[in-house]
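Take a look at this single chain, the form predicted on its own, given in structure tokens.
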Amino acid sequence: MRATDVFGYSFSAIKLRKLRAGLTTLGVVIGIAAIVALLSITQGLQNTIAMQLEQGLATDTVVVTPGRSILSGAGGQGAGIGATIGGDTSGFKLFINDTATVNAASTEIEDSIAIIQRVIYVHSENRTFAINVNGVDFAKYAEFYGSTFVAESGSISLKPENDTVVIGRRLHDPWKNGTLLFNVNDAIDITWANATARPPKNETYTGYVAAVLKEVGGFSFGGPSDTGVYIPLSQAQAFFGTDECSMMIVKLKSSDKTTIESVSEAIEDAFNGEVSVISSTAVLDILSSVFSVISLFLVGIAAISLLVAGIGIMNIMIVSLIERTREIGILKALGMKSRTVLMIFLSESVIIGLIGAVLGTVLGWGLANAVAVVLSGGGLFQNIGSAQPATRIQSGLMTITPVLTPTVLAGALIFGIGVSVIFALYPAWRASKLKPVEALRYE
């Protein structure tokens, strides 16, 4: 019997039992849809984070922070990550003039800048927002981040007055509906809770918005942010009363991995290991490893539903075998070989698995896009301030675009068909072993 005849016969048998076949296929559809949706969202999230990290951490820069990293390794691999989640408590501090030490650490370093970062409060009408303010050298900062520290409206002076303020896009139009919070030439009251004074007190000065940055859309660790406030470094020194910096941005002559590793090690050595060095490549490597583990975990969870679907397929096949015992007896009495009977039952499982895998992939892709719209289109909010009443500004941190890779697509088809065939093997084998005489006598 030809393969086309076998599949034709199997398809006819499925059509005769539409409801049962449909319910069996539904189990495969749900399992495959779960796998495709989860993996597509995970891959899209990974790509988005990678892209935004490359914006927030320029590939030709590294970030130096005070304190030993709990995850630091040789050559800066993983260095600095621990500083963001809890470095050591040695009390080491970085100061603005330490840029000279950094610049002298390696010939591969082009330049470095210090950043003073504090949490401050800005006021607008009856609202108060807690925002990160960054004291930076505007000229060098614009050189380091030439593609993101760019004004959408107004202008950024490379020799700014002390009352100059540059704000991120989210502080200009936080709700993306034309309701402007701050605009160019607006006065902005900046308040700092000075806990070093006795008694502690709030200190305030009034700045003027010189420029609104174009939308960055990326994570910020040293680089420009949509919710950041930027003031001249000299003003930050005077206002906060300190020369201590929160971090340093180091621009390299090359962005290749070897250069990043050697420079990271040289900077750590220059400060006797009391600093952590963060590079975008190290962060991306760690994130890739994390997402790989997450993907395997999610696939394992989704595979449980496919296991349940497989058991359902086996059950339906056994029931079908019992119902079609006389039919099988007649076919074998007419000369059909046991191998052909086996192929008929396996062909039915292949058809069910293929239909389930295709429908599951389509459904999973649709679910992934629906979830992405919810996550990206305002379903997530970031509370960047407390107010009277409480104020929330749409974060706009990430726009997730699900990614259906050829690997996921092929895996979904193979997985769907494979599970169906594996769980149909036993019923198909039993059907092929039926003896014609006993089958014909079956009632």
Partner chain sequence: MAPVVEAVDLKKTYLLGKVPVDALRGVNLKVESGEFLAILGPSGSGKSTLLNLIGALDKPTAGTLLIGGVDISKLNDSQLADLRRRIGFVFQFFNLIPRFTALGNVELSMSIADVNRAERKRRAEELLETVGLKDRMNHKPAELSGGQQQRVAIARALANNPKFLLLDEPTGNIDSKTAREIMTLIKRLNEEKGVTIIMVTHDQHLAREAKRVVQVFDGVISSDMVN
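Take the two forms, find the largest set of C-alpha atoms that superpose within 1.5 Å, and that set is the rigid core. Residue numbers count along the first chain shown, from 1. These numbers were taken from a predicted model, which means no experiment stands behind them.
The protein also exists as the form predicted in complex with its partner chain; that form is not presented, and the subsequent description refers to it.
The stretch among 322 to 330, 92 to 100, 174 to 182, 364 to 372 whose residues place heavy atoms within 4.5 Å of its partner chain in the model of the complex is 322 to 330. When contacts are judged by a 4.5 Å heavy atom cut-off, Ala13 counts as touching its partner chain in the model of the complex. Residue contact check for Met336: one or more of its heavy atoms lie within 4.5 Å of its partner chain in the model of the complex. With the core held fixed, the Cα of Ile109 is displaced between this form and the one not shown by less than 2 Å.
After superposing the rigid core, the C-alpha of Thr325 moves by 2 Å or more between this form and the one not shown.
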